[in-house]
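Take a look at this one chain, the form predicted alone, written out in structure tokens.
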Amino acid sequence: MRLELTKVRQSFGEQDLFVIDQLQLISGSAVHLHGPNGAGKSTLMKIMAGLQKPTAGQVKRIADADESDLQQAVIYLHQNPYLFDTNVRKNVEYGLRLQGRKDPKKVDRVLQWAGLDHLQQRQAHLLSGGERQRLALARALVLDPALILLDEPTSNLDAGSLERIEQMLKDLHQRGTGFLLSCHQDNALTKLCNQHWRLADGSLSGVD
């Protein structure tokens, strides 16, 4: 899948937050988005995910020949992921239920991949910060997305959780899922990226 932004502008009143003439993100990409606070990184990611409309411009999702459903092609994960007030397993099952699907074996595999299989009956609100991030990734993976956009995924993570999420992103990339992550500081996750975009002073640099 290819995500294309053309002549996208985001403004608040008469003040432009950013203007991006052309931007392309393809499945299989590994991109680090950085820049100062208030530059619009979260806003840009929400626009890319289709959660927010830009002031002007177009955002298109272009399917590959073997892709038919783009509804879950791009998933945005907030730095404080929203979890449903139920147990871990039901959180992972949620997206499949919306699609009218049941696949217990797939849910089992995803929970094991995220290292949450032993916690699947635990209430999600009782998880640690690292476990919550892993659950958010698991809930995304079960839908087979082409692209995942992670907004400050390393916030308040201990070293063990960071290492686990690093391995999860490596696995996703090997499966062909692309990711774009917003991080203020270089860390183990940003080192996985082969592209580094900087959003500052209303423009995006580093884009191929």
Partner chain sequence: MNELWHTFSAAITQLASGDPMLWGIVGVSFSVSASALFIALLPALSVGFVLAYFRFPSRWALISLLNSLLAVPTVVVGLVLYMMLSRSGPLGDLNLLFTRPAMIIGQILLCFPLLVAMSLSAFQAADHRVLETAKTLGASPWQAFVTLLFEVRFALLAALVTAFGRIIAEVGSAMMVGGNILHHTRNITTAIALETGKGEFVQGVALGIVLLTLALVLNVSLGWMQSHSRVLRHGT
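All figures in this text were calculated on a predicted structure; none of them were measured in a lab. Positions refer to the first chain, counted from 1.
Omitted here: the form predicted in complex with its partner chain. The next part is about that form.
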| property | result |
| --- | --- |
| 4.5 angstroms heavy atom contact with its partner chain in the model of the complex for His34 | no |
| Contact flag, Gly130 vs its partner chain in the model of the complex, heavy atom cut 4.5 Å | no |
| Its partner chain contact in the model of the complex: Lys105, any heavy atom under 4.5 Å | no |
| Any non-hydrogen atom of Val110 within 4.5 angstroms of its partner chain in the model of the complex | no |
| Per-stretch contact check against its partner chain in the model of the complex, the hit in 171-179, 158-166, 137-145, 24-32 (non-hydrogen atom, 4.5 angstroms) | 137-145 |
| Members of 95-109 lying within 4.5 angstroms of its partner chain, judged by heavy atom, in the model of the complex | Gly95, Leu98 |
